[in-house]
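Each of the two blocks below gives one form of the same protein chain as structure tokens; they are labelled structure 1 and structure 2.
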Structure 1
Amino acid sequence: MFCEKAIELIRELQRMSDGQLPAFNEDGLRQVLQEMEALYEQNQTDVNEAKADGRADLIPSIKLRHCCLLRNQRCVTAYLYDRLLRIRALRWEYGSVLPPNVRFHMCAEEVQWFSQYKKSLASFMRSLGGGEGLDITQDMKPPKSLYIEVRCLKDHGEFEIDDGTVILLKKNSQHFLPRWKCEQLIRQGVLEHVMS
């Protein structure tokens, strides 16, 4: 049956239901596009024959191949779109710099989309608060205090806070830091929020 390769692409994404991005399946995509080309060419031939020789009996087959073309188109579009949703989530979960192992799974166009999305988000955030700007990727949970106690989960090197002080983030060290500086590092799993 046609469109088996296309459904495999969908299954690949369905397997990672938590939103992780699998590697870009360039091969699979190419195979689907090749199948679409073949179906289209067969249909062109049949349509010409139907018109020239009055072979209306060919129409059901033409219709079937057309359904297959639409199905492949739907699968490819859904595949690409779902991947973009996952890449968008990366901006909110990881921040604006993606680790290399994740970026490796994106095709060139997706990397470009990510950088454009970042720009759109940044200019939107700058326009909030009467031109002063507001970082809406912060404070995902309602804050209870300005400063929080954090423990370092892995070595992260030097870290500068707003008043110029430099903190050394060494594994297992504990610090009392401003919440807004730590939020992203906590989300990335570098620091751990210690509740007293």
Structure 2
Amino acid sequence: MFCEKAIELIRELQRMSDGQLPAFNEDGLRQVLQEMEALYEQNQTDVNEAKADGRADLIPSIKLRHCCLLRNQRCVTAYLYDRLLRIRALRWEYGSVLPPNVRFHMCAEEVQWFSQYKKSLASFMRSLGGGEGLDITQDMKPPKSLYIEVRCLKDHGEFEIDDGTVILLKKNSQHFLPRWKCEQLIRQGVLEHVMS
């Protein structure tokens, strides 16, 4: 049946919850493109035959295949666009370095797009704040307090805060730090916010 493989690509994305990136389905995408090529070639043959022999009985099948081509095109575009939106959201969630298990699910072109997006966002953030730059990825939710208590989940090494104090982040150590300095480490899984 026409368009089934394209619809399966969309269903694959729907099965994943928000914020998760399924593995890039290169095989499914290739099958859809092959189907589109076959539909296009069959349409070209029928159009040439309809023009040459004046066969009006071929027009409904030409229109049907053309509609299938358009539907496949929309499904492929929706699949790729939705993946880019998810990858863009991952930049805001994880920061500029993606975890290996997330990066594993991306194709080479998506990795390249992520890199370009990351550079564009960094360039934009540098242009804000009167030459000093402004990290707009911090404080995704308005903070209730400027300092929070955090527990280190793994050894991270030395961590310097604004006043020049250097803190050694060792596994299971607890610290009272400025929220904006440790929010990125919380997203990366180095620290966890301790709720009292």
Partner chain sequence: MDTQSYLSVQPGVGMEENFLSLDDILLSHEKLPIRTECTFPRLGFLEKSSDSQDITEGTKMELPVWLSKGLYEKKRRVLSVETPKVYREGWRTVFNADPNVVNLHKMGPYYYGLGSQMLHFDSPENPEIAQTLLQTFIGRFRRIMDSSQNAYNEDTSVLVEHLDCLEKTLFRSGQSGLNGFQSWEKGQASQLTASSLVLNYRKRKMTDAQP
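Here the structure is a predicted model, which is why all the values come from computation and not from measurement. By convention here, residues take numbers in order along the sequence of structure 1, the first being 1. What we label the rigid core is the largest C-alpha set whose atoms superpose within 1.5 Å from one form to the other.
Both panels show the same chain in isolation, but it is structure 1 that comes from the form predicted in complex with its partner chain.
Taking 2 Å as the criterion, Asp155 counts as shifted between structure 1 and structure 2: its C-alpha moves by at least this amount when the rigid core is aligned. Once both forms are overlaid on the rigid core, the distance between the two CA positions of Gln188 between structure 1 and structure 2 is 2 angstroms or more.
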